[in-house]
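What follows is one chain in structure tokens, specifically the form predicted on its own.
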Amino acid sequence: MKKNQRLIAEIKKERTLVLIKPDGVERGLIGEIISRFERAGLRIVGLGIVKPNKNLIDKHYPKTKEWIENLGNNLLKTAEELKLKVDLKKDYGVSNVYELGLKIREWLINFMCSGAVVKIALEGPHAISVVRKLVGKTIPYLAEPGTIRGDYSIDSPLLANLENRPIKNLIHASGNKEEADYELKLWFKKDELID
């Protein structure tokens, strides 16, 4: 019985990080977004509003080659789906997807530092996957109706990057346990989280 109690407590105490990005804050969607998480049964264990600096955001977003190339590849994939021809050199002044990804990462860092960000630590059973479902697909125009991104954004990587900016997708949500643990420690001091 003790073993089950420990596992039950561990499942119920799963935590994740959500950031309402400057576009969500600017549009006045804070209350709507938070209420969706609360209605799903997640508990807020940390909350704050900050204007992050470049150092914090640089630590937040990965620097791995794979992650950076994925940023560039997402743009190319969207262009292909829309049957648009992208010329990396002419359109972006880069010669490969890695360089394009670096450029996109820089736009993302600048955007995240451009205004207020709401940081939220959420807790509950399967919090990470529940939050990801509620938030919706990263690319808003592909997100299902009923998800936060599906209901409040229609942006695409191609349009965003042609305008030299990141996707305005309202929210960042941790993708897995390791990411959640890292991000919660990055954004919250231990005494800022309710036990």
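In case it trips you up, residue 1 is the first one in the sequence shown, and so on. All figures in this text were calculated on a predicted structure; none of them were measured in a lab.
The next section is about a form of this same protein that is not shown, the form predicted in complex with guanosine-5'-diphosphate (GDP).
Residue in contact with guanosine-5'-diphosphate (GDP) in the predicted bound form (any heavy atom within 4.5 Å), chosen from 165, 133, 43, 126: 165. Using a 4.5 Å cutoff between non-hydrogen atoms, residue 121 does not count as a contact of guanosine-5'-diphosphate (GDP) in the predicted bound form. In the predicted bound form, guanosine-5'-diphosphate (GDP) lies farther than 4.5 Å from every heavy atom of residue 52.
guanosine-5'-diphosphate (GDP) in the predicted bound form is not approached by residue 57, whose heavy atoms all lie more than 4.5 angstroms from it. Of the heavy atoms in residue 107, some are within 4.5 Å of guanosine-5'-diphosphate (GDP) in the predicted bound form. Contact with guanosine-5'-diphosphate (GDP) in the predicted bound form, defined as a heavy atom within 4.5 Å, is made by all three of 21, 61 and 67. Within 4.5 angstroms of guanosine-5'-diphosphate (GDP) in the predicted bound form, the stretch 63 to 82 places a non-hydrogen atom from each of 67, 70, 71, 74, 75, taken in sequence order.
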